Each structure stands twice: as structure tokens, then as C-alpha cells.
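First comes one chain, alone, set out as C-alpha cells in the form predicted alone.
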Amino acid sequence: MKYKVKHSTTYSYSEPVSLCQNQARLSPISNEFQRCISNQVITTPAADYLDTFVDYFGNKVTVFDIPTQHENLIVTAISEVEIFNRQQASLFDAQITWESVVAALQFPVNELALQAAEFTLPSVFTPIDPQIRQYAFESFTPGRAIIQATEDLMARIFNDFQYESGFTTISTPLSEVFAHKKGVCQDFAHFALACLRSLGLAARYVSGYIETLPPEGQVKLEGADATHAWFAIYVPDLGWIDFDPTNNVLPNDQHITLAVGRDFADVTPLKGIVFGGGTHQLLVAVDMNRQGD
């Protein structure tokens, strides 16, 4: 399946900006599950300097400077991506216990396991919490296969937590999300990461897009798709397996991966500094359209 994605971010400032310098993680990665055919990042006003590099986690980053005075900034990323079928049913045949994975991560025997071991550590948005660890143990019972246990954890988050836009911000502590059982996709991804890492498992944050389909008989609205977040867990011999707790599914042909990291701080789609600007308003619109096989 191929998609064309248009991701537009608009900043409207109350006062003129004399200079802005930014990093954009708006280029879908290429891996065994997807291929980024093309990607272009366009800024209005036009950037005087624009370049790309690959960060520590393998994400493509676009950096740009705009020294032109402006009161509005529009950053548009246009990408073409091909998604491959993941053949996920076979994953549940693997009877690798979660305890054996914990043991393997404590003594990595190859480069992939060594890299994965870094994702067992807590991060700014995923602190180790005894209550969250206890929540994880309800799914990760002794001797249980890691895929089945993770699927169970995903389903429990989906059923126990309520999706409520605006209830949290990026600075809302995970303990508060857990106490109220409310949040959005990035909260649910962070909560799952905290659960898994508290057990000694390697899990990483995934940012991307998810296709939304309109109700039957209705036309899809422009900009109706959205940025999304989920998590992936490392399993020896299988690699990284994605799980989406917001929708209780294993991502397949409707999810596009933008970037991966320890948490949201590593994969922020657009961040930087501005000189001036006063207050600002932010508008994000995403269109993710199928192009056929």
C-alpha cells in the first residue's frame, strides 16, 4: 500500500519574529515495514539555510534557519511512503517468555541487543513508578510469552483509559495520567513504556501518522488525519514489534512511522527557537491519502 502524506504546521505570532532556527522530524523512516519513496520539507517564508542529518536513533532530521522577519511560519512536509504487510499472526506462535528477554537484555550478545538494552532505562517522560510496575505485572505473569503479555497490556490500557483531548499536556506527569485514567495517544504510549521498562524490557516510543476513514457515504475532510504515537517492544530474533494502545491494534497498513526514540522528547515533529514573536497560535493539518498498491 502506498500513501501520500501532507503535514502542515502553521505558527501565527502576535509580534514579528526576526529569526527562527528549527529542527523538524517530518521525514518518514525506511525500515523492513515501510519505504520512504520521497520527502520534501518546505517553509514559508523560505529558509536561508536548510540541511538534513540522521540523529542517534536513525531518524532523518531537517534543520533550517529563517532570518526573514515574519508573523506567520508555515512548515509543510510532503512524503510518499510504501507500507509492507507485516504478517503479524505468526508473532503469536513465538513462545519466548518475557523473563528470558529481560535476562537477554542484561547480557547483550550482539549489536542489536546492545542497542535495544538502552531502551530498558527510564526517561524524562517514563519514570519508574512502583504502582505502574504493579499494573504491568497483571499482564506479565510468570512464564508468559512476551507477545501475548504485551498484547494483554495494550488491551488493558485501551479498556482502562479514556481518550480525552485537552485533559493533558506534554508536561502532565505520568502519575496524574494513571490516577485519572485519561489522556491522548502520547500519554498511553508513555504509560506503556513505563510499564515495560519497569520490568526490565526494552521499549521505544514511535511517532507517526494513522489513516482515518470517514463514515460510510461521507467525503473525507481535508486535514482530518492526524499525527499519532504508539510503542514498540524488542524481542530477540523478532526485532521491534509495534503496538498501538490507543486503538488496541498491532500497526500494519494504516500506520506510518516518522521517528523513534526513548520518548516524545526524542521525536518532536518540530522544535526550535525564535527571537521575538510574543504569543503564538498553532495549527496542524495532516492529509494521508492512499495511492493504490
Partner chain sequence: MYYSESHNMLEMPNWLALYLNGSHQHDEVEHHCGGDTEHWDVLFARLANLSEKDIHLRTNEIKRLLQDSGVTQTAQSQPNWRLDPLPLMLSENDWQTLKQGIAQRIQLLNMIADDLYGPRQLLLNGAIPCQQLQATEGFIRECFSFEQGEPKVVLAAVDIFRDADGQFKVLDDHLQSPQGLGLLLENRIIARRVMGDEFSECNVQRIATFFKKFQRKISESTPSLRDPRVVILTKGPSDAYYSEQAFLAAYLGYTLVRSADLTVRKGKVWLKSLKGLRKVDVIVRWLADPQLDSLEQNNYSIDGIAGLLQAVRKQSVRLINPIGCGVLESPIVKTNISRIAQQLLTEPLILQELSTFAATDPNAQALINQPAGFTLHSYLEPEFNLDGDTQAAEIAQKLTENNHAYYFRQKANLSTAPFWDDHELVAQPIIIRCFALLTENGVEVLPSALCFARQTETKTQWIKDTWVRTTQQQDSPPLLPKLNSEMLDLALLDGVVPSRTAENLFWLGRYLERGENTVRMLRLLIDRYTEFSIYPDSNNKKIVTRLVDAAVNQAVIYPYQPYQFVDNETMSYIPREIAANTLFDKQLPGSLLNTLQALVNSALQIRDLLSSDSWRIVDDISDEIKRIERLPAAVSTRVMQATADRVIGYIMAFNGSTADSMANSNGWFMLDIGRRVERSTQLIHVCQALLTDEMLETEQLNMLEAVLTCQVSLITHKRRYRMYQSIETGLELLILDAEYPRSLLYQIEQLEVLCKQLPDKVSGGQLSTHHKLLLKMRTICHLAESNQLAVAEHGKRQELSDLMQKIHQTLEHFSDVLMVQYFSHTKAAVSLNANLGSIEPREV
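Positions refer to the first chain, counted from 1. All figures in this text were calculated on a predicted structure; none of them were measured in a lab.
Below, we refer to the form predicted in complex with its partner chain, which is not included among the displayed structures.
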Answer yes or no: in the predicted bound form, does its partner chain come within 4.5 Å of a heavy atom in every one of 135, 153 and 238? no
Of 126, 198, 207, 79, which one comes within 4.5 Å of its partner chain in the predicted bound form, counting heavy atoms only? 207
Can you pick out, from 174, 91, 83, 184, the residue that has a heavy atom within 4.5 Å of its partner chain in the predicted bound form? 184
Flag residue 227 as yes or no: does it have a non-hydrogen atom within 4.5 angstroms of any non-hydrogen atom of its partner chain in the predicted bound form? yes
Residue contact check: residue 249 to its partner chain in the predicted bound form, 4.5 Å heavy atom: no
Is residue 121 near its partner chain? Define near as a heavy atom within 4.5 Å, in the predicted bound form. yes
Partner proximity in the predicted bound form: residue 114 to its partner chain, non-hydrogen atom cutoff 4.5 Å: yes
Looking in the predicted bound form, the residues of 243-270 with a heavy atom no more than 4.5 Å from its partner chain, listed in order, are 262, 264, 265, 266, 268, 269, 270
